[in-house]
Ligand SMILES: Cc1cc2nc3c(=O)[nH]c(=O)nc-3n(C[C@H](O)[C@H](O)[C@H](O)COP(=O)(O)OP(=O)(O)OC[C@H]3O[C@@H](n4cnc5c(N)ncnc54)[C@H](O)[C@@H]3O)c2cc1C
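Presented as structure tokens, the chain that follows is alone, the form predicted alone.
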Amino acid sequence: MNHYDLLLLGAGHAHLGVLRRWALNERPPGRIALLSPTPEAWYSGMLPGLLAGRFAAADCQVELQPLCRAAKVELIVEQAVGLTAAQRRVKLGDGRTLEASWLSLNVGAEVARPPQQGEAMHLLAVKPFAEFLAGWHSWQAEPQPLAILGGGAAGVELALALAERVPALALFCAEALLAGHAAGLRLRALGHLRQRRVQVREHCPISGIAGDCLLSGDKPVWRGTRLLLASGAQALPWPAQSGLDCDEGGFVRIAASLQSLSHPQIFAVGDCASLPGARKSGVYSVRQAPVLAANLNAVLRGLPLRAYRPQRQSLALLATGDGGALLGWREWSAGGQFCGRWKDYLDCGFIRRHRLSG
């Protein structure tokens, strides 16, 4: 039987939080399943520490089967490749089709890629994490100069984690480094990158790749054969093709209840969703979890829904690759080993909270 009362698509931070709450408390009635392309969920906040050699891969993962068992939720390990929103019908990569009375999407997004001519430059996107780690492991066998595309938190953390592991490293930012963050955090990050001899190119958007050259406009700005993509989020193609109301980028428009504006029986959270004030960041996805858990319980029990209100400010903690971290809060910034220990405490705490057995 392929019909469910509720189908959770994707094992993002919000769905992990939902499952944890259901494991610790009574879950809603009905047949519920989690669909995930892998049997484990990676925690993105610990990836820089993993690359810097401070964590093992197992430290950064949550095994889904024990968590689903504890929450009394069926786990289906397969990729979603299509959706018919009106019928809430999900097409899987193996050809199967699942249907549900209610759907919740926490499927994330892809990493944006510049247009490429030729195959001289090898591209490696930071997501999906398992594929990224396999690719990076093969690159490490023969270190070569590396460019990183993306001047946000992910690009900075990756540059600091990898600078000592490659002969030369360049970081390209379409805007200022860490645009939107506190000025003090930006200056601290620039100082650390300078100490690691990372070439930072701000206000240098990459328009394309020609052979082994990165182009900004028509101008070559870097030459090499390895490019790591940590740039902005790009929507998966199938939500916009499903009939769901999406924004101009292909992200699902949602209301404060986290329901689709066009199909209220479908919820969407995290990077795949579009809600004014909610940034595409794991911090916001984690904060959506309690509201999503309450509202999924409400629709299955016929109870009133809650509203999610994005926080106006979020704490930034950026790993510096040496056990330390940079901290930014509003216009205030700090850095050092104490911040690194705090970040480790928060990150490892997230993993511990979701490692439940049932």
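Keep in mind it's a predicted model, so treat the numbers as computed, not measured. All residue numbers are counted from 1 along the displayed sequence.
Keep in mind that the form predicted together with this ligand is missing from the display, and what follows is about it.
Engineer: Closest heavy atom of residue 14 to this ligand in the predicted bound form, within 4.5 Å or not?
Structural biologist: Close contact exists here: in the predicted bound form, residue 14 approaches this ligand to within 4.5 Å, heavy atoms only.
Engineer: Would you classify residue 121 as touching this ligand in the predicted bound form, given a 4.5 Å non-hydrogen atom cut-off?
Structural biologist: No, no contact at 4.5 Å.
Engineer: Residue-level contact is defined here as any heavy atom of the residue lying within 4.5 Å of this ligand in the predicted bound form; does residue 321 satisfy this criterion?
Structural biologist: Taking the distances in the predicted bound form, the answer for residue 321 is no, it never comes within 4.5 Å of this ligand.
Engineer: Report yes if any heavy atom of residue 108 sits within 4.5 Å of a heavy atom of this ligand in the predicted bound form; otherwise report no.
Structural biologist: Looking in the predicted bound form, residue contacts with this ligand include residue 108, since a heavy atom lies within 4.5 Å.
Engineer: Mind checking whether each of 10, 280 and 343 has a heavy atom within 4.5 Å of this ligand in the predicted bound form?
Structural biologist: Result yes, every residue of the spot touches this ligand.
Engineer: Given a 4.5 Å cut-off on heavy atoms, tell me which of 218 to 226, 151 to 159, 256 to 264, 175 to 183 is the interface stretch with this ligand in the predicted bound form.
Structural biologist: Residues of 151 to 159 come within 4.5 Å of the partner.
Engineer: Select from the listed residues 103, 236, 200, 146 the one whose heavy atoms reach within 4.5 Å of this ligand in the predicted bound form.
Structural biologist: By the 4.5 Å criterion, the partner-contacting residue is 236.
Engineer: Looking at 62, 32, 291, 47, which has any heavy atom no more than 4.5 Å from this ligand in the predicted bound form?
Structural biologist: The residue in contact is 47.
Engineer: Which of the residues spanning 112 to 143 lie within 4.5 Å of this ligand in the predicted bound form, based on heavy atoms?
Structural biologist: The stretch touches the partner through 126, 127, 129.
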